Each structure stands twice: as structure tokens, then as C-alpha cells.
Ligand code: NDP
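Just the one chain here, laid out as C-alpha cells, in the form predicted on its own.
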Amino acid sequence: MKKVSVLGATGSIGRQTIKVLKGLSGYKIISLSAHSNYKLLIDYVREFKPKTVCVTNEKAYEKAKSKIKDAKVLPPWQLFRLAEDKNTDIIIAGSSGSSALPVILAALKNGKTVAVANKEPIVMAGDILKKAAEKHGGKIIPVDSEHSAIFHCLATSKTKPEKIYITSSGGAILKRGARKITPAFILKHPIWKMGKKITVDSSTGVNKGFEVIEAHHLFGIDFSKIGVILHPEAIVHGIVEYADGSSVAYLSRPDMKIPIKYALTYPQKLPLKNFLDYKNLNLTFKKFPEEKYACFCLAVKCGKKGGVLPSSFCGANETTVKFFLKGKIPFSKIPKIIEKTVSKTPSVKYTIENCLKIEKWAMDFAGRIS
């Protein structure tokens, strides 16, 4: 019996993880975390009977604590305790932003397997997390569709790749035309059904920039050997190219349940019955139009410089996306605010604590200049 902890259980990745786990035998949910959706968390407690839950929003925590009697309810500041539970085998890190970063680090230091779905932890502290995994016997399995794809492809050969390619569907911005860029327009992603923030990130180029940084950390590949290709159908999720001119590509339907299930059952591939129809499959590949995505190059530039700059970028992006969705700033102002924030980032030592402090500093700074 494999025992699973799901962080961000009520979010997009969390809900899909729950659906996958419902269809898996030999797996048991022993802990869950949620941010503010305590009502759905209560439903999960009734259905799965986890021993422990954590609510990371203080108001929601108070409400959950008064209503949940069949599980121990932890306050926001004790989220890390889910990672220290000796009974946990796999942690699905699906909570938004950097909230899971200390938990992921604690889990890796306890030699656990962490399936990382959200981007910020690896973007902000990839080097630190990788070193912790190597030192303590922990394992990081990527859940993001592109990195799961590259993870698969790299496993087919022991030969060092010449280059890896991450694909991009382009998001809503690709077919903008003369349309006004409103939150409603941006949130209508043509392929994926995701949370609001990551959907906006797909149109600013932040999401793809983060994926390049993640690939660098996860697979130990130099930035110069990581490319992005425009692929509107979102069927090919990653390609690994070798020195002899051959390439290995990973194809699947754009369904997050596929990489989630693989992360849970790795290295097995258990049935999901979501097959491609190759008889009617048309695939197109084009140069990724960086000029359409104002934040892509800036994100990659921060990733190359490293240190706490990616954390500053993450913080500024968090604030600007929030302001854009609330109608406080136009879409065009997002990259300008992020760039100015990053340029003012204080120089501090690269540690988990400072990554989180700089992210918070950047959130506040971006808010003041918005």
C-alpha cells in the first residue's frame, strides 16, 4: 500500500490527482492540504478519511477546524509537518505558487518522493532542492506535462542529449488578432483547462520561461541546449535530440491525468485508456514567436543569472497577474512591472529562506509601482 499526501488538493492539479487516485488500487490518501476551499476539503475527508489535513488560509482554517472531526487539522504554519510524516511515501505538490517550497525541501530531506506539479519551487530553488534530494535519497518526479515528457524521453537512452525541446501551444494570445486583451479573453485557453494564474502565465510567456528554467534544474541541461517550439495541437509535449541526428518525442492527449498517474505509479504505466487517434492526427511545428510573449526572455534571463533573481521574478509576476485579473492594470503593463522589480532586487545569499523573503519583497514592490 502506497501512502499519498496531496498538497493543494482542492486546486486544479489536486482535483485531478484525486480523480486518478480513485481509480488506483493499492494507494491510500493519508494527508491533504487546501488553501481556502475548506468545503471541498470536508468532502474529501468524509470520502478518503485522511489522518491529517492542513488549511493554509487562516480564516478557512478556523472554519475547517470547527467542522472536521475525523482528521487532525493543522494550521497554515504547520504545513511542513505533512512532509515529515514517516508514513508518507509520495507527496503530490500541487499547491499554487511557492507555498509548497519548504514542504518539498523537508520531504526531500526525509528521503521521500515528491511529484512536483507547480513551477515556482523548482524555478526559485531548483539547485537547492536537487542537492537535498541527492544528499538524502529523495526523488523529484516532474508532473508538468512538458517535463514529464522529457523525463520519459531521457529514460530511453543513457546517451547525453544534444538538445531538448519543450513545446508550446501558444495560449490565447496566439490568435489575438484585434481583440482587446481582457482577463476573460486570456482565460479562454484553447487547449488546456488550468487555474487562472497559470492560464495568464501561458499568454505572457512566463509559463514557458519557467519551463525552460525547470528543465535546466531538473535534468542538468545547459540553457543553450533547451529550445522551445510552437506546436498548437499540444500532442507532442517534449522532444530529445541526440548527436547522431535522431530524436525521441513524447506524444499524448493534452490531459494532466496522464503525467499525474505516471508520477504516482512510476516506473509503471497503468491503463488510462486515453489513446490518440493516429489515423486523423495532424501535427504542426513552428518557430516559437518570442516577440509575442513579453515575459519569456526576461524569465529565462533571470534563470540564467540564478541566485534569488528568479524568486524576485516569481513575486512580481504573482502580484501583476493578480492585479490584471482584478482589472487594476492592463495586460501590457505586466512585463514592465516585472522588469522594474527584478532590476531593483536586493543582492542576498541564495538560500531557501532568502528566496522566500525576496519573493515577498518583490510582491510588495510590484504592488507599490503598479
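Start at 1 with the first residue shown and count on from there. In this text, all values refer to a predicted model and were calculated from it rather than measured experimentally.
In what follows, reference is made to the form predicted in complex with the named molecule, a form of this protein that is not presented.
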{"query": "4.5 Å heavy atom contact, V248 to the named molecule in the model of the complex", "finding": "no"}
{"query": "In the model of the complex, N37 touching the named molecule (heavy atom, 4.5 Å)", "finding": "yes"}
{"query": "Non-hydrogen atom contact A117 with the named molecule in the model of the complex at 4.5 angstroms", "finding": "yes"}
{"query": "The named molecule contact at G195 in the model of the complex, heavy atom, 4.5 Å", "finding": "yes"}
{"query": "Listed range touching the named molecule, judged in the model of the complex by heavy atoms within 4.5 Å, from 278-286, 150-158, 88-96, 223-231", "finding": "88-96"}
{"query": "The unique member of T56, T52, T319, T345 whose heavy atoms fall within 4.5 Å of the named molecule in the model of the complex", "finding": "T56"}
{"query": "The unique member of M256, V212, A71, A133 whose heavy atoms fall within 4.5 Å of the named molecule in the model of the complex", "finding": "M256"}
